[in-house]
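Coming up is one lone chain in structure tokens, specifically the form predicted on its own.
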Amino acid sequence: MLAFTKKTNSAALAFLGGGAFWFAIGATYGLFSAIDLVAPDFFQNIAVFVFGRVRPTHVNTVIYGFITSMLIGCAMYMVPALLKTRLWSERLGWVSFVLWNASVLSGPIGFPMGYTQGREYAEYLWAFDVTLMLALLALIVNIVMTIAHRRENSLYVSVWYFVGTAIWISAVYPLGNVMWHPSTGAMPGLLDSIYLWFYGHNLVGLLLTPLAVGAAYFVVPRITKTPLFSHTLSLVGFWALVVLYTHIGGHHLLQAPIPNWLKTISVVDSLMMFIPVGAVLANIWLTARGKTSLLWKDPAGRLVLFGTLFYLVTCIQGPVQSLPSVQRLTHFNNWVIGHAHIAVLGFSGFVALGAMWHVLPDVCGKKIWSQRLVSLQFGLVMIGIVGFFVVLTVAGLIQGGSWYNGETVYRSLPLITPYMVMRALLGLFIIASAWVGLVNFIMTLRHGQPHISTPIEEAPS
């Protein structure tokens, strides 16, 4: 085992496998929460299955266990490939893997038993905040040292995004989880909401988004065999992301008595997100111009391509729903849940899956066991996520319209019951896609045909 931890790309493979595993677990917990919304008494008040416990288990396992783990695994392969060198320390990569998964595992074990800080996206107990931070610090050291020992002078934009992600989230995570208050993990009063949504929105914008964008910038030029359209435009998107995204969490608190200047900044910066999003999508799509058929025919490329389309939808809907006049109908209801699913699973989740299937043969030295199963996974998750988006958006508008016209929450619930049933049924497609992917991953490692890895020199530069 110790010898394996020194093998090239072994840490990347571990993160990729962890991501595939946690996708299956996280999606399954999502079904439990969907059942609670359809039939609250189904589990007979069994404590480990109540909505308030399975929902954070689902959310954290998907964000940290599935998407982030999978994209970190991709980054641990892509960074050395782009820099034409080896990862500085495979064993340090394994240290990151063990610490990271200790935090993720604490969710499915601890949350159902009530061991949580009870703050959205910040539920991990303090001890596991510490292990996650240590994992991030080990990751930063590994990436920086790999850069320091590189044989490629230029730093391709994917490297910028991966390094930036590790540094940004290492700064944001302790603030959002209020790690200097271990006993509560929270600030007093309204100040806690400001801290929480500064962190909660940046969890998407400074963790999932830059990891997914960095992976897309690697995969699309490689599949289309086309140089990146514009390195300058890629850096515009990079810097605009960190400048604008960090301030938009306040648009979740427009109904709260936070300072008006903070509300104004959050709305204005939300609307200005068209700059980094437009720069990224224009760059990727212009790179693939005339060669989108190559992305469509490649099962991994197809996932990344549709991930970028969902990114467009997400970043049209997000700024619009930040407007106070729109929030009168959309806030605190299923509209926001539909938006969250299209952002997390639709954008970063699709890109994570596509990037994983693209690099896996180079990482493990074996061809994908079944490309048909990759296509099946794409079809299943596509049905699920599009259905989720439509059903939850409609349910949210029904709720918002009812409340706006003075109806009580209790009397509006029967109106959305059919949509909650459809949500649960659509979730079965996503769960099936996760388990299909896990089986395909395992079978690739066990029975995949030998694959000659693409030389490092052929990575996009």
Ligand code: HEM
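Numbers for residues come from their place in the sequence shown, where the first is 1. Owing to the predicted nature of the structure, the values given are computational and were not obtained by experimental measurement.
Separately, the form predicted in complex with protoporphyrin IX containing FE (HEM) exists; it is not shown, and the next lines address it.
Q: Look at the candidate spot formed by 34, 51 and 67 and say whether protoporphyrin IX containing FE (HEM) comes within 4.5 Å of a heavy atom in all three of them in the predicted complex.
A: The answer is yes; 34, 51 and 67 each reach protoporphyrin IX containing FE (HEM).
Q: With a 4.5 Å heavy atom cut-off, would you call residue 327 a contact of protoporphyrin IX containing FE (HEM) in the predicted complex?
A: Result yes; residue 327 sits at the interface with protoporphyrin IX containing FE (HEM) in the predicted complex.
Q: Going by a heavy atom distance of 4.5 Å, is residue 62 a contact of protoporphyrin IX containing FE (HEM) in the predicted complex?
A: Residue 62: yes, in contact with protoporphyrin IX containing FE (HEM) in the predicted complex.
Q: Does any part of residue 209 reach within 4.5 Å of protoporphyrin IX containing FE (HEM) in the predicted complex? Heavy atoms only, please.
A: It does: once protoporphyrin IX containing FE (HEM) is placed as it appears in the predicted complex, residue 209 has a heavy atom within 4.5 Å of it.
Q: Would residue 314 show up as a contact with protoporphyrin IX containing FE (HEM) in the predicted complex if we use heavy atoms at 4.5 Å?
A: Although protoporphyrin IX containing FE (HEM) is absent here, residue 314 would touch it in the predicted complex, with heavy atoms inside 4.5 Å.
Q: Of the residues 224, 193, 117, 334, which one places a heavy atom within 4.5 Å of protoporphyrin IX containing FE (HEM) in the predicted complex?
A: By the 4.5 Å criterion, the partner-contacting residue is 334.
Q: Can you tell me which of 363-371, 163-171, 71-79, 248-256 lies within 4.5 Å of protoporphyrin IX containing FE (HEM) in the predicted complex, counting heavy atoms only?
A: Contact criterion met by 248-256 only.
Q: Just to make sure I understand: among 366-405, which residues lie within 4.5 Å of protoporphyrin IX containing FE (HEM) in the predicted complex, judging by heavy atoms?
A: The one in contact is 388.
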